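A single chain, nothing else alongside it, follows as structure tokens in the form predicted on its own.
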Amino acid sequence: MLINKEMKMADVIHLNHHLLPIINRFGIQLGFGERTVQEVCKDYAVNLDFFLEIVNTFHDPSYFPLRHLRSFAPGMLIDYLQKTHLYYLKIKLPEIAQYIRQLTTNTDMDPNHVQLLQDFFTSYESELSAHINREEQRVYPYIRTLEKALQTGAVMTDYPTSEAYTIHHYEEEHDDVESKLFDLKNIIIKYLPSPVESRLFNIILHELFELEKDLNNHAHIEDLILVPMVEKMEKELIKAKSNQ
């Protein structure tokens, strides 16, 4: 069952509460009353079509409308992806780190095992943060520059034919941060003895699975939607430059 504009936003949360962080990324907060998805999006000045495509992509794993998502402006995709980055860095990663720290005081777990988990998670956190910083500082500004050039009809001399940077460089450096997250989950599932009271352990594992799912969707949007968009923009600007 896909989410549509006529559904009440409250019913969307009842249908799939995992969508709440996704909805929050659009600036939409709880307190929907009886308003529909369309009405809430209008109230928050959110593009309804884009909202539905993103939410349904997370709601239904088999739903990934390549053609429709590629019809949106690159800047709109980047705005959403940047909000997702903030969610990872400011909310999700600190939450998981706090749960891991609680293992020291709230369980009978061996402190050495807790330290092992903390060290591995800190390493993963640093790797993901570095990956996000590369996108924020280099990739996204580059894409916005291309988009602006196409909108204004400008023909710049330093891109996209410059050897300094193209989207292919991004594809090559787009690290598989998901693989290290998989290793982190396996440490908990396979190798670390569970404390007698395992609820906190289970919460950490649940949060890691949620983060993994979110990251996979994030990567699909970048790799299957954003990269082809940028490749098309680069070709258009190369053609415009050659026609000067």
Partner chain sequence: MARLNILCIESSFLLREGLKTLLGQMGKPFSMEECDVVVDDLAKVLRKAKPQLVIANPDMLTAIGAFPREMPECDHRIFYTGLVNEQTADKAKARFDFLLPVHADKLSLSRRLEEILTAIFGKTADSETGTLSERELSILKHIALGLTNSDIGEQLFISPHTVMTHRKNITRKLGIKTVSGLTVYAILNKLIKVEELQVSDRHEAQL
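Just so we're clear, the structure is a prediction, and the values are computed from it rather than from any experiment. Residue numbers count along the first chain shown, from 1.
The form predicted together with the partner chain is left out here; the points below concern that form.
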| item | value |
| --- | --- |
| Contacting member of Leu200, Leu48, Ile187, Leu215, with respect to the partner chain in the predicted bound form [4.5 Å, heavy atom] | Ile187 |
| The unique member of His131, His85, His113, Arg101 whose heavy atoms fall within 4.5 Å of the partner chain in the predicted bound form | His113 |
| Which of 144-152, 93-101, 116-124, 71-79 lines the interface with the partner chain in the predicted bound form (heavy atom within 4.5 Å) | 116-124 |
| Any non-hydrogen atom of Asp183 within 4.5 angstroms of the partner chain in the predicted bound form | yes |
| Non-hydrogen atom contact Tyr44 with the partner chain in the predicted bound form at 4.5 angstroms | no |
| 4.5 Å heavy atom contact, Leu192 and the partner chain in the predicted bound form | yes |
| Non-hydrogen atom contact Ser179 with the partner chain in the predicted bound form at 4.5 angstroms | yes |
